[in-house]
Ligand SMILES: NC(=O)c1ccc[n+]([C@@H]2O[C@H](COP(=O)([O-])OP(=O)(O)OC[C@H]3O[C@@H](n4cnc5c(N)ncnc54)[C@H](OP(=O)(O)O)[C@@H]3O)[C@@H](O)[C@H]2O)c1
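Coming up is one lone chain in structure tokens, specifically the form predicted on its own.
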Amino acid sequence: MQLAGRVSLVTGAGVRLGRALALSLAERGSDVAVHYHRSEGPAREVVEQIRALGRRAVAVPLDLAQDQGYGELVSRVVDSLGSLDVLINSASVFERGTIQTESTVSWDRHIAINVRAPFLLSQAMVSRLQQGQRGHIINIADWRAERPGTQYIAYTVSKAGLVALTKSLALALAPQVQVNVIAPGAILAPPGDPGGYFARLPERIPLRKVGSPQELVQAVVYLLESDFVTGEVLHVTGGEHL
């Protein structure tokens, strides 16, 4: 798929990786719907930056922890921008939780935002595709999804579920929609991290460095431009997942 003239929806696009992805898609010619929950100001800044690039953009709010509003969100995107060709499920919640400390509130939030929301958005997107229209869905998971640990149990399980969802959707939606998942590693330090942990990470990464949002952008563009990749888990970790 060539991105020029397409319409993309990026969740969590006001900040961090979602922001980088939204701007990069616009730079490659896509119109972009910028989803946000609490980051209205940053999301509207992204919209203005996209419009400055000569592309159309709209900010669309939704609390992804809810179980409704997904169809209305997609309808707003289609009504505003004319169609929806690309869905990137980037929004995520990432909280520490062990067998001793994990709560039902945290558990439910991780599942709702990291697994259920991507499914409901995918469902809503597919319902609005026209006959003959090709689509792409890219989910952003984590290398932990395939290498479980003990410190982020609900998060890890939710991302493992996202990988399984990706493969199921790839089968269910072929050949009209390609569905893939990216499993990034150390790209951005967690919010509130003072920097010490992230600075030490290269010691445990085979390529001896952390990544950048550009690494993720390149992976997304590769998957979107490919016509023969679906159901794939693409690791962008510098080898950390090994």
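As the structure is a prediction and not an experimental result, all values here were calculated from the model. One-based numbering along the sequence shown.
Below, we refer to the form predicted in complex with this ligand, which is not included among the displayed structures.
The stretch among 166-174, 89-97, 145-153, 74-82 whose residues place heavy atoms within 4.5 Å of this ligand in the predicted bound form is 89-97.
Think of it this way: in the predicted bound form, this ligand has a heavy atom of just one of H37, R28, R51, R44 within 4.5 Å, and the residue is H37. Residue contact check for L224: none of its heavy atoms lie within 4.5 Å of this ligand in the predicted bound form. Within 4.5 Å of any heavy atom of this ligand in the predicted bound form lies no heavy atom of V157.
Under a 4.5 angstroms non-hydrogen atom cutoff, this ligand in the predicted bound form has I113 among its neighbouring residues. This ligand in the predicted bound form is not approached by V179, whose heavy atoms all lie more than 4.5 angstroms from it. Shown without its partner, the chain has I140, A141, D142 in segment 114-144 as residues with a non-hydrogen atom within 4.5 angstroms of this ligand in the predicted bound form.
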